[in-house]
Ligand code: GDP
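Just one chain is shown here, as structure tokens, and it is the form predicted alone.
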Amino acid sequence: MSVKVIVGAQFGDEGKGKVVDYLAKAADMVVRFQGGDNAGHTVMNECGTFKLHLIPCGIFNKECVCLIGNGTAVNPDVLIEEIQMLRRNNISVKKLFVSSKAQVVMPYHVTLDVSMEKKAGIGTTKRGIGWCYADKFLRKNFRMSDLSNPECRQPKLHEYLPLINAELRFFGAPEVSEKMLLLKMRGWSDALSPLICDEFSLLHGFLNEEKNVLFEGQLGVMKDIDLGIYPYVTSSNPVAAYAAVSGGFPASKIGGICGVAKAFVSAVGDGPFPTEMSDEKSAALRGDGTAADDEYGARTGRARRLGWFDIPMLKYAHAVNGFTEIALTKLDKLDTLDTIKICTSYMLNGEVTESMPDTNDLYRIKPIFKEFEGWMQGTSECKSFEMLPRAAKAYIQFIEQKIGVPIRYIGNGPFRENIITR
């Protein structure tokens, strides 16, 4: 049996979609295990170019079961749109399932998210994910099982609406009616009930049969609600351990953890960013937004903030997740730089540290950089590590040596085949 978890090692946007699509060729099941449609996983393969927000990136393997799992927050409208988009492109969704325990993102969650961002924003994607998880922990939210059980919907909605409308009034947003929401949920039920499943039984069946199961994470460790740059974080836990927690199986069954890190660092939204580049350097890496792999958010379209590679951040991500391997993506984006920097440590209060400070201290640290010679030649045609330019190999080996984890996969272009395996 092989259970592997794919997680982000930075702020998100590391290229997890491409890595999952690549590894899913040998997977029997791919499970999306947290977050919602605030994700944007871009896949470019022989089927075309796709930006997936809820559906696991294993969907392009016709033999692979894809599961939107327990820990996720599902906006049914977005899921229906995504299914329709795949069908229009002749991608089968016959093996797509949604856990009955997944949380439902309701229309009022989106309204509340947008309203709160207007008052005091932290850079969320305004998809209602935080409000959905908040209602989950208040125990006043719908799960996917409620969509296939009409007897549950009206009593719960009748109970929840007074609080919901009080929140909407507080933000000056229009209240919602019970009748409108019931009609909405009936439509969702008609469209999605055939996909709703008992995740525990389905997943454990695969585990017991020693199938290859891949868990697809979203965002990265620095956006974890507990371990990230709080409060500029997401509302779930995008770390490897949460795959087992949400899936309801022992963590000891996880056989491998792949940390995905970009060859530089990017971030969307507010918060500290120790190695952020100047606008001039960022422009050289970002692109103009016309290419699918340019540095703009796949969900929001916002220009990403860019920075130099951060060793203390990756060490922290490894300490949290326990990487057995690393996928280093977008190496080709550095091809035109004559010099490249790597942050090796931080200076805080006059002392050098490689530890990850708290959010407030991250604003005050000064990164300590080591400068590398650029390779100034294209890498996207390289099919092996040996074919890479000498300076590119030195860059990769330095990161590998500092973290103490093998860099198993190197992304050197946007397409599925642009991955060097070592």
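Position 1 is the first residue in the sequence shown; the rest follow in order. A quick note: this is a predicted structure, and the numbers were derived from the prediction, not measured.
This next part talks about the form predicted together with the ligand, which is not shown.
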query	finding
is_contact(D21, the ligand) in the predicted bound form, heavy atom dist at most 4.5 Å	no
Residue contact check: A292 to the ligand in the predicted bound form, 4.5 Å heavy atom	yes
4.5 Å heavy atom contact, C47 to the ligand in the predicted bound form	no
Exercise: G40 in contact with the ligand in the predicted bound form, heavy atom 4.5 Å	yes
Among the candidates E82, D135, E199, D332, the residue which, in the predicted bound form, approaches the ligand to within 4.5 Å (heavy atoms)	D332
Heavy atom within 4.5 Å of the ligand in the predicted bound form - qualifying residues of 386 to 415	G411, N412, G413, P414
